[in-house]
Each structure stands twice: as structure tokens, then as C-alpha cells.
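Have a look below at one chain only, the form predicted on its own, in C-alpha cells format.
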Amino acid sequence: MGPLITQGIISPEWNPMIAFIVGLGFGFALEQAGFSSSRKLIGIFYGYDMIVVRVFLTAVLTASVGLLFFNYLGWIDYDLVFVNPTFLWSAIIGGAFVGLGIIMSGFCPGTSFSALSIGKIDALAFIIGIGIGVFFYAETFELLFEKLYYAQNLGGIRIYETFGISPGLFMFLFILFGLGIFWFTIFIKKKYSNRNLKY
């Protein structure tokens, strides 16, 4: 049955509206979970607040298990689900810079807009910085970044295919991994909870 737009069940013209509605819902959920506070993301790196890790890990596990069952029930076709191509080096280097930006600012792009929606000035400064960075990247892409961007193109790979295992076995191992991460976050928070800064 799904994906609905890919198979023409829903018109592609609905794409922007669906993205807008989902984006509003996602931003509302971020704000309600307290992610508009820069201390939430910083807490990961200092060990005193692991709620962000738990929330996003829960979301990933829920979506992954849901997709797996939808595929088994014939409600969605894995082969029609778009997978972003993996450009290895740009992913590694870009991920490192994003991580550095999160550590320095306490925001990621999503949480910064969530924080701006409730009037936080530091989020505005972060978004202005994003805008400057995007402009610089776009204007210098062909000159400085194009070769790096397309280096080591692995295509739209899936992890279970890379390991040569079934989707069901991969999901079972991923759930075990997720439970391990949950236990680890509890351990880390107990160990470093005294680092939480009070303002």
C-alpha cells in the first residue's frame, strides 16, 4: 500500500502541506519535551541529562519496528521507501562539525527553531549562524566542497543489507542495543547528576 505519494495514492502536491503539518507537530513535541532549553542537549555531553538520547532512541525504535511490521503486513513496500545516498566522508566530517556546533551552542537545527518560537535570544543567534553557514556553503560549494561532498558514494545502503542479515534479525539486535543504551544513560546520569548547573 505505502508509500502513498510514491505510488500516486496521494498527489505529490500534498507533499509540502504534509511536511508542514508534520513539522509543526515535531516542533510542538520538542518544545513540550523541554528541548527548547539548551541545557538539555548540553546535558548529554556533561552526563547530567540523558532525556534527549532516550526520547530520540525511543522514536527511532518505534518507527523502525513499525516499518518492519508494516512491511510484513504488506502495508508498505521497503523497496519504494527512499533512502538517502551515503557519501561517507562528507557524512563523517559534516557530523563532526554538527556535533561541535551542538556542544558550543546547546542547540541542533530543530531545537533552535523550537526555542525561537518561545522567544529565546540565544536560539536566534544560533539560527543566524546557520543562515551564514548555509550561505557560505552554497556560494563556495563548487569551489571548495563538491569533491568532498561526493567522495566515497555508497548509494542508498541499508544496514541489514550491508551486514548480510534479515531485517527481522537486525531489528532484534537493534532493540537489544537500544535497551543497552537506555541502561547506560541511567548509569551515566547517576554518576554525573551533580554536574547539572542551576540558573
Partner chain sequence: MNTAPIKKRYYFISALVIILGIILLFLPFNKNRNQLSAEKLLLSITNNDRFFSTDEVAKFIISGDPSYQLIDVRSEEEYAKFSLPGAINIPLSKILNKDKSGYYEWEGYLNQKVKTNIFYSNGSIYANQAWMLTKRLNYPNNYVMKGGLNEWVETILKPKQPEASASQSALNQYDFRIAASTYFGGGSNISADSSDKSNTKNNTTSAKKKKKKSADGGC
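Please read these numbers as outputs of a predicted model, since none were measured by experiment. Positions refer to the first chain, counted from 1.
One more form of this protein exists, namely the form predicted together with the partner chain; it is left out here, but the text below deals with it.
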field: Residue contact check: residue 177 to the partner chain in the predicted complex, 4.5 Å heavy atom
entry: no
- prompt: Would residue 184 show up as a contact with the partner chain in the predicted complex if we use heavy atoms at 4.5 Å?
  reply: no
query: Closest heavy atom of residue 150 to the partner chain in the predicted complex, within 4.5 Å or not?
result: yes
- prompt: Heavy atoms within 4.5 Å of the partner chain in the predicted complex: does residue 48 have any?
  reply: no
query: Taking the partner chain in the predicted complex, which residues of 101-133 have any heavy atom within 4.5 Å of it?
result: 108, 109, 110
